[in-house]
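Given next, in structure tokens, is a single chain: the form predicted on its own.
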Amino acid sequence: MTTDIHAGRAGDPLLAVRGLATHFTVEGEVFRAVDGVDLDVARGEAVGLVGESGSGKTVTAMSVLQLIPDPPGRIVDGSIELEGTDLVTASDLVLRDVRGNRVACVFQDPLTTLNPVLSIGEQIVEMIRRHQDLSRKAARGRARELLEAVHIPKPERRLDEFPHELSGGMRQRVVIAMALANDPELLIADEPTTALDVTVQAEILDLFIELRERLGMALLFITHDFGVISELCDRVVVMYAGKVVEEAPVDRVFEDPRHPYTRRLIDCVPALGQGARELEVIPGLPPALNRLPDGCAFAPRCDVVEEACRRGEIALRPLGDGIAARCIKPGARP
């Protein structure tokens, strides 16, 4: 069941996902990785997609660009529109134009994203010339400008280096530069700081903030860390077991989380400068996606669960002011 939370939002969204269901069939078992997701991203907006590993964040993002491996994965229901272009039914030609052009991606591990046998310059030039009618010399000049934009020192020299010659932080900056090569309208960043040390993580997050402000692009930022969401995003969408369980403006979700899962995720974020406190954890494990329970999938781990939570479909209900929660008693505390 979907919600009309997006119906009253001003203007048409850049990206509109409605009722998305992406399932994987493995040895006859159906895993409902994404099961009825609604998601909007407006022009210039930064939306955080947050949840534990296995909640469906990456599958949702990869479904947008039709990057789900088939088999075993398949979009079985729903629509994905990029300003009126239906990406679910789009031809390969349309998708090739969208990928890396209108919508670009930054993935977790830059070392696996980059081709180890091609220089940095060759890879960026290839990305540029795939979508722009530029000479090789002009594309190389543009590549140098992109490396400067992501604060890579001595960019002319770096163009001739190979990925293994750069640090992890430098490689991720190169991947971001490649993603920006064709001035995308939407950038999807899938946990882009996970493989980096803490200091470099902070630098990369600052870079995302700077680039978003300077270029005005929309951002869909996937993470499991609410601390990152608070720094970078305007709105947060919380996923659990393949479904959206809460959506709210970032400031509101920290003030008053409406779903118990959201509250527990926020409690897991370390608070610096507030003295020693016990680090919260969420008991138990997420459910198997091929054996989802009736009712609320979070019920076995919830600290305010009641019998009604375990029966029937729990809808994502609008609560006003851009807030929605998939809970029969939103905001309850133990």
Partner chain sequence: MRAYLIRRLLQVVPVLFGVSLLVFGMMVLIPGDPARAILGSYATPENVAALEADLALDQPVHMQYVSWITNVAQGDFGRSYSLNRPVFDEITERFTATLLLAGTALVIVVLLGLTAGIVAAVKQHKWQDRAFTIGALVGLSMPSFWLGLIFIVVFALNLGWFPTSGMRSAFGGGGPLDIAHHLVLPATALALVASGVIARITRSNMLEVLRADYVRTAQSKGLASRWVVMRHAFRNAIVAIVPVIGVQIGFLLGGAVYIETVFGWPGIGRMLVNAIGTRDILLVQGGVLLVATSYVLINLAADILQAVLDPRIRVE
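Positions refer to the first chain, counted from 1. Just so you know, these numbers come straight off a predicted model, no measurement behind them.
Another form, the form predicted together with the partner chain, is not on view; read the next lines as being about it.
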### Which of 247-255, 205-213, 97-105, 148-156 sits within 4.5 Å of the partner chain in the predicted bound form, heavy atom basis
97-105
### Message
Please tell me whether any heavy atom belonging to H224 falls inside 4.5 Å of a heavy atom of the partner chain, as the geometry stands in the predicted bound form.
### Response
no
#### Entry: Non-hydrogen atom contact M178 with the partner chain in the predicted bound form at 4.5 angstroms
yes
### L196, heavy atom within 4.5 angstroms of the partner chain in the predicted bound form
no
### Message
Is R130 part of the interface with the partner chain in the predicted bound form - any heavy atom within 4.5 Å?
### Response
yes
### Task
Identify which of A218, I75, C233, L114 has a heavy atom within 4.5 Å of the partner chain in the predicted bound form; exactly one of them does.
L114
### Summary
Assert contact residue (the partner chain, in the predicted bound form, non-hydrogen atom within 4.5 Å, options L134, V200, L118, V88) equals L118
#### Entry: Site test, M62, E122 and E126 vs the partner chain in the predicted bound form, non-hydrogen atom cutoff 4.5 Å
yes
### in the predicted bound form, residues of 138-169 near the partner chain [heavy atom within 4.5 Å]
F162, H164
